[in-house]
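As a starting point, one isolated chain is supplied in structure tokens, in the form predicted on its own.
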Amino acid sequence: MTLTSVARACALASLLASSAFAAVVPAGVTLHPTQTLIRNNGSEPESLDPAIAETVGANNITRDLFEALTAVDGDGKVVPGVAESWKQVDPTTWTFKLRQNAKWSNGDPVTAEDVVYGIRRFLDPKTASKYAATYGVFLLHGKEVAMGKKPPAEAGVRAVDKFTVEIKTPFPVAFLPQLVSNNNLGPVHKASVEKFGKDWTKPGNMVSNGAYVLRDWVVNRSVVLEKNPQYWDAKNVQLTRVTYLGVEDGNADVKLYEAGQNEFVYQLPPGTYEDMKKKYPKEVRNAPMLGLRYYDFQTQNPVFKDVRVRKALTMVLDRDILAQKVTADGQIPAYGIIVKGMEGADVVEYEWAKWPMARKVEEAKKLLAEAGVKPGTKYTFSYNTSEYHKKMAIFAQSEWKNKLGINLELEAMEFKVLVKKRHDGAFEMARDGFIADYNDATNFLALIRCDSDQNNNFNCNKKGEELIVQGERSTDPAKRKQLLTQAAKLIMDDYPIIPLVQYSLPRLVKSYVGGYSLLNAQDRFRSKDLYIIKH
């Protein structure tokens, strides 16, 4: 980052810190006397511990329970969170000023030491967070702490005074205010963690600092939150109760919606979008997102160690048919790791992306023959129980069978089982997806770089890794972008994953739910930004 860039970043920080961030009910809108919402979350959360939460579903809930240094509002903009302002002191040092009226749900003040404790605990290998190394690379000594090579106390975070947090980075990180909107890097109430141990996230034990408190949690059914009267902005929080359902099946989700037992569908089943637009024109919501649907290869599994096999399978999936006929909900074909709208690197597609399918199939057959893979070979594909993912998997199964003679055995399971299976490497091929945590190419590159805890394909391209490291340390934004783009292309030539389509999330939301914006490319809808209109 150049000095000019630093100045721009500081100005941006000041601008953001002065922005309005409370939930806004437009003039003329009359609120309903009952402010409650039932929203499906797509799956059972793997944890409500903000340090451990990894999936979209778990983070949706922890984002209501906890507030990080910054936050993302309903339009997807970075706004102040528990920190009311921040400043970049020098290229690698930031300070965050906490609100002096921020409290925990038990009335304790939220202090800088709570943030320091939360970040050190998150990075500590004893916590076993699957994001520790991913975010740790952006904190001074953070990666070394996450890998157990340094103690947590050496991470680049400290309390300057009771309400000031200093974060040091190993190189300029212009997007740090975005990064610390993620609750993994937020405060945690040390006393309750130490008192209850692993049970501190249970109802009655949890002490949180967000707009809501945990009232009830019935595993595989629902999580119920209630408004936190101690929250610093409680007067602008309209919803008094939010019930998160954990329904994975899209058809069941829609049936609950139509029966009035759900007001916020997680995701429409594939192929239903057009019909739903006609049936519920005022309730269907859909917008492009910074997200990628993809399949992982377990590249260390003997059946997928040969890059020619991975390339052949990647080439012949017809993304146009997948997007237009199978999902049929406005998503766009993807042929690379970087999605459209992502900053910090260019979108790079495979050179064969525009080839006629017949040429792709011919080349894929040649690659398989060279690798010694014969028609009739069988692979196993793991996915979570969802009509959406099942339909996509059946499409892939058909493509590989008809074009290459490859058999695919489908293996369905609960989402949290799939998540663990992917991290353990206990699969051959697996369904995966990623929605941006912050808008920078390093976020998606974490899926394919060495030593990343978000790398589920276990591929490591040393040259690509070196380019990423060079890019991260570059103070020239143009050079940084060039290096990260080059790294993305080089690593993707290893074919560690199969990019399929760029996300959109078509869903049904009752017309009386206010505050829902189509500008939110990260699909982050804090319940504090929503309200119920009189109906």
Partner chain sequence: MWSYTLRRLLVTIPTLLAVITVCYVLVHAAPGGPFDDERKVSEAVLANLQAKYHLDQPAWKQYLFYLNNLVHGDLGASFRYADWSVNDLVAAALPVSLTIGGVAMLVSLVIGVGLGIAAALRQNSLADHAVMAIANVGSVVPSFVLGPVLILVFALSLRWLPAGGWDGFGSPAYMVMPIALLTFINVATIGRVMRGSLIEVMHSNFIRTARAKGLPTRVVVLRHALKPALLPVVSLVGPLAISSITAAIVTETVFSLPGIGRLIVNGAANRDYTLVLGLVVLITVIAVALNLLVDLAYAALDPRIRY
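Quantities reported herein were computed from a predicted structural model and do not represent experimental measurements. Numbering follows the first chain given and starts at 1.
In what follows, reference is made to the form predicted in complex with its partner chain, a form of this protein that is not presented.
None of 66 to 74, 485 to 493, 469 to 477, 50 to 58 except one has non-hydrogen atoms within 4.5 angstroms of its partner chain in the predicted complex; the exception is 50 to 58. When contacts are judged by a 4.5 Å heavy atom cut-off, G246 counts as touching its partner chain in the predicted complex. Among residues of the shown chain, A146 is one whose heavy atoms approach its partner chain to within 4.5 Å in the predicted complex. Using a 4.5 angstroms threshold between heavy atoms, D329 stays clear of its partner chain in the predicted complex.
Using a 4.5 Å cutoff between non-hydrogen atoms, R431 counts as a contact of its partner chain in the predicted complex. Proximity to its partner chain in the predicted complex holds for all of K198, R221 and K416, with the criterion being a heavy atom within 4.5 Å. W217 is the sole member of F395, W217, W86, F171 with a non-hydrogen atom lying within 4.5 angstroms of its partner chain in the predicted complex. This chain is drawn without its partner chain; in the predicted complex, the residue among R422, H141, R158, K365 with a heavy atom within 4.5 Å of it is R422.
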